[in-house]
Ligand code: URA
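This document opens with one chain alone, in structure tokens, the form predicted alone.
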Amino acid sequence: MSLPVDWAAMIPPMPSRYSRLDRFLSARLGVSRSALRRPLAAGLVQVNGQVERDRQRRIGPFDTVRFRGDIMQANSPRYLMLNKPAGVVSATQDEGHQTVLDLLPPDQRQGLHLAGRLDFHSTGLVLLTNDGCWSRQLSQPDSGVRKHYRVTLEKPLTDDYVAAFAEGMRFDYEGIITRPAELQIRSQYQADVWLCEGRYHQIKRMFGRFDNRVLTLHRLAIGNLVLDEGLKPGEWRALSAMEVASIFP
């Protein structure tokens, strides 16, 4: 999927890894940076279709760079949502099990990684992208991106759960206290949970404090992005420009 030019203005600024143009070309071409001064001055380098002579120009992962007409880099950012079925690993490769990447056609997998994992038996919204800056931003609790889950429990729920989730819980193994989480009881055995962090098996461990086993866990949303109800388990689609831009609060 290629992004229209105006997408860059719609996506919030995020921390990123950039390289100076001369360093980028030096690494790609296997030449010294000093050897690039003449080609740069002669206008033999283009960035995003424009001649670039400034060797200190910062190059990002999705800038198109040409040297003497040859493409050095021409990546397009890609953003996909997938409805993860149970029994699929949230990984790009696994020797023993099917992964979320295996659910995509082979020609769609190149360069993608997960932006938000789910446990082996959990289901629902998973995001895939080749934009490391975007996925890192999603994973940072301080970004304010909340994840919405629907949980089915083995034992009945009480109002004590709501207060305990809101206060945060201490995880002795990590030596941390979880951030406040919102829990809404939907029925005797079902609840909705909102988290802005993702500790290891966090939801299962929080309910485990009440000795209450999680039977099913389904992710409905990440930030403002809601799982497309039209996607059956195992199906996926590309995100729109508006969805990519609006996921952050």
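The first residue of the sequence shown is number 1, and the count goes up from there. What you see is a predicted model, and the numbers here were worked out from it, not measured in a lab.
The next section is about a form of this same protein that is not shown, the form predicted together with uracil (URA).
Under a 4.5 angstroms non-hydrogen atom cutoff, uracil (URA) in the predicted bound form has Gln202 among its neighbouring residues. For the chain shown alone, Asp119 is a contact residue for uracil (URA) in the predicted bound form, at least one non-hydrogen atom being within 4.5 angstroms. A residue is said to contact a partner when one of its heavy atoms sits within 4.5 Å of a partner heavy atom; Leu217 meets this definition for uracil (URA) in the predicted bound form. Taking the partner from the other structure, uracil (URA) in the predicted bound form has no heavy atom within 4.5 Å of any heavy atom of Phe165. Look at 202 to 210, 38 to 46, 63 to 71, 179 to 187: in the predicted bound form, residues with non-hydrogen atoms within 4.5 angstroms of uracil (URA) sit in 202 to 210. Residue Tyr149 is the only member of 148 to 186 with a non-hydrogen atom no more than 4.5 angstroms from uracil (URA) in the predicted bound form.
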